[in-house]
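As structure tokens, one chain now follows by itself in the form predicted on its own.
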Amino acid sequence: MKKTILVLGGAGYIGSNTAYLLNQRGYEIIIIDKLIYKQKFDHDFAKLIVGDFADTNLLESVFEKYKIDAVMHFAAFIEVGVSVTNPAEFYDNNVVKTIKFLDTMIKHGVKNFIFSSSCAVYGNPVKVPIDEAHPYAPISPYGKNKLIVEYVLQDYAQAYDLKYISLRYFNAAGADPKNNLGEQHIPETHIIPLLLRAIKNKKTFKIFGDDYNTPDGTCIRDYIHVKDLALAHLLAFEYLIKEKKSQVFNLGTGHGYSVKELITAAEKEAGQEANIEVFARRAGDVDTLIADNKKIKSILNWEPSYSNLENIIHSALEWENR
């Protein structure tokens, strides 16, 4: 029998790319998504149930109707700056609702859980690249949300025989235009789509801070193509089913690019210059975030295949121009 995976937030950017790959590999996919970013989901690789992932009545009906083998959780609020100005909303969605979901899931005997965590749990890094043993010091409510859920997972694993994998993302980027999968957030918050749209529409692109402790003054991030992210989730699921061991992995390429380097690459791909304006730093942003990814490479045999900067920018631009 096909294994069935419940994907929370599976109509979103990373969730939809992952759901597609899982379906391609022969798994049955059920998605619960509230479509809060007004994204369109007209794909046939999953059954979409529109609703809140902590709606107890909805969850009861889903767990009773389907034999769920594992859950992947992508349904978090993600904008770091908004988490600073509106922490209550973030704690409710990202922490309280996740605990409610876990309680219902465990009640129905589902014990395999893959969590979208974040490098934001580390805060300002003491050393770069960052490995999984790096101290936790999140500086935003978003990062604290992720760390709290990781602690919850540790405790639930000990008490309720939950098996989980926590994937600490660095910066998701790129698209899969061929399969009609890419970023559809309204409003858009990610840097690459905002940059490409600014160039295309001859609008001003805002750099938030050029006084970071980096070679060119702009912050450096580890950008990972969404297709490489999706593959990591597939491998994490198959490891969990086979090995029945909980794990935590960084999910990044091990290489960082500054905002100015992104701009140069985007200008080259688009064939025109960006109109740049520098603004003050945003609360919660740190200088440099680059993953040490040796652990996920070693244990899951994961290798990023799509994450060179040119491919990320090319696929993102192709998506914007579709």
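Just so it is clear, the model here is predicted, and its values are computed rather than measured. Start at 1 and count along the sequence shown; that's the residue number.
Beyond what is shown, the protein has a form predicted together with a small molecule; the following relates to that form.
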| item | value |
| --- | --- |
| Leu194: touches the small molecule in the model of the complex, heavy atom cutoff 4.5 angstroms | yes |
| Close approach of Val152 to the small molecule in the model of the complex, 4.5 Å, heavy atom | no |
| Residue contact check: Cys219 to the small molecule in the model of the complex, 4.5 Å heavy atom | yes |
| The small molecule contact at Arg282 in the model of the complex, heavy atom, 4.5 Å | yes |
| Sole residue of Phe205, Tyr156, Tyr239, Phe77 within 4.5 Å of the small molecule in the model of the complex, by heavy atom | Phe205 |
| Contacting member of Asn171, Gln184, Asn94, Asn112, with respect to the small molecule in the model of the complex [4.5 Å, heavy atom] | Asn171 |
| Interface stretch in the model of the complex with the small molecule - options 96 to 104, 207 to 215, 158 to 166, 244 to 252, non-hydrogen atom within 4.5 Å | 207 to 215 |
